[in-house]
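Two versions of one and the same chain are coming, encoded as structure tokens; call them structure 1 and structure 2.
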Structure 1
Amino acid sequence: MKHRRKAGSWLATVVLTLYCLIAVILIGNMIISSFKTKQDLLFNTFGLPTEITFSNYDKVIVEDGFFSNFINSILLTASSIVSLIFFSSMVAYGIARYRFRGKAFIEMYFLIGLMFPIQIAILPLFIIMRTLNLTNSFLGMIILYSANMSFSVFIFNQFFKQLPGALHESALIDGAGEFTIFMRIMMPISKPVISTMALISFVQIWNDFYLPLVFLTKKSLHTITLAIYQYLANFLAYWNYVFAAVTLALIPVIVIFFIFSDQIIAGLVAGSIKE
């Protein structure tokens, strides 16, 4: 049994190491390619640039207004994360800490939601959003991202179930209301889970292409993924600009991951163990 565990651990280490190496090589080549001319990319695809040029970034940032798309993505992602964390944690807290009829059904409802992506309901969603005049609106996008809370509710639910009931009871004795208990006691305690869910949601929303493509048709509201798509639609003509645009889009993800990477595992462990 020990030999099998060691062999499995060794195999997993080798596979993950190879995966990391491939990812680093591909990301490195992308960054290097963003400083190449179109001709250099054609005849020197995987080598170092023969001449370093910043014209790709100048075209993307200055001429094409990539910075405005960058700001749109930041505003949409930040607002959606705050809304998602707030509402999903409230739902999960209610499910975890209170007994009521239909509790098992609601828990199962959110678990089933993990099986189905939001894209399969795009037609009824579009009809509803158009009827409510929420298309071409950041508010509509925030509502959509916040409603996709199954995974967040599941993690918060498991975390709140582990908390001792004495915390809630002692706060009630001290005269605190339910909302005060939730905001001043439960939320500070759940900081590791909040950090983890914020990071996971950030990557998902920041990289999302499908929902902005469907619901944000105005160019002034385009996110960073839609801006990149404009180059990909004419890849042969603009492939040197694609590398620059993708590199710019990747910078926030890499920076945030390296700053908060230690909290990801801690938060997932805290919110996924059921006693």
Structure 2
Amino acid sequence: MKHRRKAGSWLATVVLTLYCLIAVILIGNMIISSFKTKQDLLFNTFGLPTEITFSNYDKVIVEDGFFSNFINSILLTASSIVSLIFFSSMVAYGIARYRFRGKAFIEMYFLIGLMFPIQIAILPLFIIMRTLNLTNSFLGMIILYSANMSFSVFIFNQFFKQLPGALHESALIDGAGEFTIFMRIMMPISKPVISTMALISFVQIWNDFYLPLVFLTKKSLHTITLAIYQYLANFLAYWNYVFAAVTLALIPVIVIFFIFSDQIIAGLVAGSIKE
């Protein structure tokens, strides 16, 4: 779909460019600041560095072992997303594509998780996790993040609802089993919503510090967000490291966003809905 660009659209381009400058300035300033000495940061907060230093990165990466946090974050986030999407898309599919008694109730039931602050449930949750020997374990965290599926179920549910019923019927006639239909037909055409969901949950899990703070107490298991939070909690003593750590944490997010935004488009170009 290409259109000739009109004056109005150029105006929009200009306005949006200005708007996006906010993010560019903030993130650009952060990256630049990560190469400044503490002294420079204090007196020359927003300018270019008077001397470029790598000492902040040295401290963050070498001394504080940021890479091990990094690997923890990546392992934890990636596995949690796969598991979350697997469970939540199945639940949503079951709700959206079948007619059964108590459906409205089940739909609401899966929304409840969004309506409470998770902090209030932390004590009972802690006892459950402890009993199952799931504290200080990534497996436990993956289960927790998968259980936190309200948002994801909601989005998948809305998506599956609007797919034409004929899709399913024709597959049934072909003699495919219910699960095969789900995996072979429904999942492929759900690419756009899966990538959107993966992206959003990536951000949420990557940035979450509360659950790791409670359940990953061993330093060797700490995630990136936990490490950054420690710097921020003693902000003044560490504020030169904050910039370096945040820059390092942001890079994979941006990279992943690039990959996934192509995925979204690729999934759409296939245009499977029309088939």
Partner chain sequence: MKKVLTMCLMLCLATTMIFAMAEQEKMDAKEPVVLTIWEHTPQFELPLKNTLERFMELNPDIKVEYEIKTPDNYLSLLTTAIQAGEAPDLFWHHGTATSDMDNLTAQNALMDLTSYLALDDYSEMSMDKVRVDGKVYQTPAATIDTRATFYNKDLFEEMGWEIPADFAEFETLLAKIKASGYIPISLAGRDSWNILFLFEPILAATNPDWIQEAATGSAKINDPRVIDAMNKMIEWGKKGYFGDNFLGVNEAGQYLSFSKGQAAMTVAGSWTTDTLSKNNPDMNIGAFQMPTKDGRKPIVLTYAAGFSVYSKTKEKEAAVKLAQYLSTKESQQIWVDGLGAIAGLKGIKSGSSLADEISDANLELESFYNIMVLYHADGEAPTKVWEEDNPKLLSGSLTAKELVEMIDPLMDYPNM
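C-alpha atoms forming the largest set that superposes within 1.5 Å between two forms make up the rigid core. Computed from a prediction, not measured in an experiment: that's the story for all the values here. Reference numbering: structure 1, starting with residue 1.
Legend: structure 1 corresponds to the form predicted on its own, while structure 2 does not. Remark: with the core as the superposition reference, the CA shift of residue 229 between structures 1 and 2 reaches 2 Å or more.
Relative to the superposed core, residue 17 has its Cα moved 7.2 Å between structures 1 and 2.
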